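Let's start with one chain on its own, the form predicted alone, as structure tokens.
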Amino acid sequence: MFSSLKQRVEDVLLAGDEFSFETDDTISLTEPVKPEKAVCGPGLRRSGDRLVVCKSGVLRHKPPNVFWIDSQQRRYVPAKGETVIGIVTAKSGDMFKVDVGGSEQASLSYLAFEGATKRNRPNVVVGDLVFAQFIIANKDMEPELACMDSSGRASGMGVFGAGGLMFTVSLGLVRRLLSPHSEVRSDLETLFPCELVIGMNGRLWVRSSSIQQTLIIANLLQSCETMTAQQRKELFRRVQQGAL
């Protein structure tokens, strides 16, 4: 199965495609047999002795044995540990309700902020943007957010959003922007210096020196979803020259 997966890397796979374990009829008496294991990422699922593709997209591979499906999915499924951009929609007692773009709203305690106590409550109002991390995310419980890490530090999380613009993109573009050597992000920083907050739920927040530049950056990022690398570089070059 490991070799057959490697042969299909960068190919488009459809939901329902299967890979089965390959058994070797010959047994070596001198060399130890090392079973090959494949680590399944998003879009792949193990079912007995088969590996099933559960959503359509391009098969990606990260050495030595990590495989996942890269798709243009927009529906977000909360996962523990992921950082997201949420919108505070309501306050009920000591909890805030936050829209994260999933199937249900997440809860955020007023004590889940750095330095927050019962007397020193954070200044959060309905409509604020929060950059937070999931501490509970499973299908049997309500998702719960926190604006601090395990050591109690904010680490860049909390209420933000003054003077910027929030918009949505596909989850595939979010993963491309968050990769360590993202070409899209490096090209954008060369073109326009800006502040960029990336949420794993497909929401981006950007702020630049002017409203015009902020709108241009948002349009460029949304256009990058369906462009090849060559088309993107050509678009950025034309914007830099003032042709657009």
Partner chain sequence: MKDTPLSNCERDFLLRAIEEKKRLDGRQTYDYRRIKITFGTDYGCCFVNLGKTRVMAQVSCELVAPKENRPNEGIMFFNIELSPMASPAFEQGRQSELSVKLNRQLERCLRNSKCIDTESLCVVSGKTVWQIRVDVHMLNNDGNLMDASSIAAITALCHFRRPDVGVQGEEVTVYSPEERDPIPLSIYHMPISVSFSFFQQGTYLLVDPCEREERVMDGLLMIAMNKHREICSIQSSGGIMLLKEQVMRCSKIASVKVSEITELISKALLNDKAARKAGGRCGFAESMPQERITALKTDETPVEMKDVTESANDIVQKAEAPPPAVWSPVVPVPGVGQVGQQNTWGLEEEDDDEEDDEEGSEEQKETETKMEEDQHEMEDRGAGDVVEISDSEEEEVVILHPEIPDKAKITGSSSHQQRAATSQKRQKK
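Quick caveat: nothing in here was measured; it's all calculated off a predicted structure. Numbering follows the first chain given and starts at 1.
The discussion below concerns the form predicted in complex with its partner chain, not included here.
Q: Check each of Val77, Leu111, Leu165, Val159 and return the one that places a heavy atom within 4.5 angstroms of its partner chain in the predicted complex.
A: Spelling it out, the residue with a heavy atom inside the cut-off is Leu165.
Q: Heavy atoms within 4.5 Å of its partner chain in the predicted complex: which stretch among 115-123, 147-155, 169-177, 81-89?
A: The contacting stretch here is 81-89.
Q: So, in the predicted complex, is Gln212 in contact with its partner chain at a 4.5 angstroms heavy atom limit?
A: Gln212: contacts its partner chain in the predicted complex.
Q: Give a yes/no on whether Asn219 approaches its partner chain to within 4.5 Å in the predicted complex, heavy atoms considered.
A: Asn219: contacts its partner chain in the predicted complex.
Q: Indicate whether its partner chain has at least one heavy atom within 4.5 Å of a heavy atom of Gly127 in the predicted complex.
A: Judged by the heavy-atom cut-off of 4.5 Å, Gly127 is in contact with its partner chain in the predicted complex.
Q: Are any of the heavy atoms in Ala15 no more than 4.5 Å from a heavy atom of its partner chain in the predicted complex?
A: Contact check for Ala15: no, nothing within 4.5 Å of its partner chain in the predicted complex.
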